[in-house]
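As structure tokens, one chain now follows by itself in the form predicted on its own.
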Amino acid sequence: MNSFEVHIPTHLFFGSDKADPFFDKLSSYGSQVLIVIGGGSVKRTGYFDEVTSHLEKRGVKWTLFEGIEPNPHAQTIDRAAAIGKEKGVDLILAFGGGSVMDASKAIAGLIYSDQKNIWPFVLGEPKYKKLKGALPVATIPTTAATASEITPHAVISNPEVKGKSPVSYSFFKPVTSWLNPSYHTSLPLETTRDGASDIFSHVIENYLIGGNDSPLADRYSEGIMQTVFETLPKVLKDPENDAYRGDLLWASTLALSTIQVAGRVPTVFILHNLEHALSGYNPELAHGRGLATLYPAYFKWLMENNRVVDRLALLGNKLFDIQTDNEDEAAAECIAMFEEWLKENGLYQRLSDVGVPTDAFSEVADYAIRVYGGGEPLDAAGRLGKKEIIEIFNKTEEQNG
């Protein structure tokens, strides 16, 4: 087993009955809160009024910023930070999905560091890693997807340059998060599907190319993947079921806890790198949908180039009970069964179906290499340059189910 570090400072509260301890904890971090939300669904459902009543009960003053986009725009984050600074807020409460949580971390960093614009601080830009700190961030996730409720990461989009890039600091990790499955029962099915795809990606990335040195990390990751595979169809049939929603939500949080990679060889998230470049090109593309589009093509490309076939075979055995000693056969059957699962759950399409035309593939590949490879090829158990990235993109066009 390789050496590793794990640090999860976030105080997690799970369950609809954990409102009081969560808000007690939250109020210990600040008395002037900027509440950050997306398009307003938390208002329409009445959840927003519940949250603000808990704040007011504790004497916590609040200011609302509404309108974070599904892929949060740098310019919107800049406006929110300016409002927060003007109001003298000392705490950010993210109430929404991954984009809202990511935006809130960036807002907290700008206010604390007395900066006006977030884009210069993202990966690939001149001030990367130059933020000095962040206000405390608390979260109430309303989607099961990104695990931003415990991570140090924020992914920012900039439609002005067709870019999408992360900014990560340990001080971005939320101080406390309330995981309330009841706040997920009104989530649209399309968003639920896309979120499940994102959960899966957080464990499959390193599982495939991180080596064989940590069997315990393998079993942990397989458990999360199995939960997603089994639970998503149940949620789609019974979307108001708290128990099913809770299973997906907890799987989402566990999938990016860092425990899923502990002991394996550290690797970059290839699929994330490629998808961020895709949804940077088309900000309307949901992150999880972009990932789902890439899965079959990426897996087939890996196998055709004789990369991590043993790991694909292992995945097939653990997830689909594929019983054969022939690794090539097991890997191929694994990919076929995974592809079928995507079809059955409404997650199977081509890149051209989701707003990325074939004539944009070269531009998107260039962006992925420049930003995520620092100008050099990526490493997916071997070289993954522009030519190889375009090959994967082209493979998605065979997915016409």
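A residue's number is simply how far along the shown sequence it sits, counting from 1. Everything numeric in this text was worked out from a predicted model, so none of it was measured.
The form predicted together with a small molecule is left out here; the points below concern that form.
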| note | Here the chain appears without its partner; judged in the model of the complex, the stretch of 214-222, 120-128, 247-255, 71-79 with heavy atoms within 4.5 Å of the small molecule is 71-79
| remark: Of Gln349, Ser41, Thr52, Thr63, the only residue with a heavy atom within 4.5 Å of the small molecule in the model of the complex is Ser41
| note | Note: exactly one of Gly109, Pro174, Gly97, Gly280 sits with a heavy atom within 4.5 Å of the small molecule in the model of the complex, namely Gly97
| Close approach of Arg311 to the small molecule in the model of the complex, 4.5 Å, heavy atom | no
| Within a 4.5 Å heavy atom cut-off, is Ser186 in contact with the small molecule in the model of the complex? | yes
| request: Using the partner position in the model of the complex, report whether Thr151 sits within 4.5 Å of the small molecule, counting heavy atoms only. | output: yes
| said: Taking the small molecule as it sits in the model of the complex, is Lys318 in contact with it (heavy atom to heavy atom, 4.5 Å or less)? | reply: no
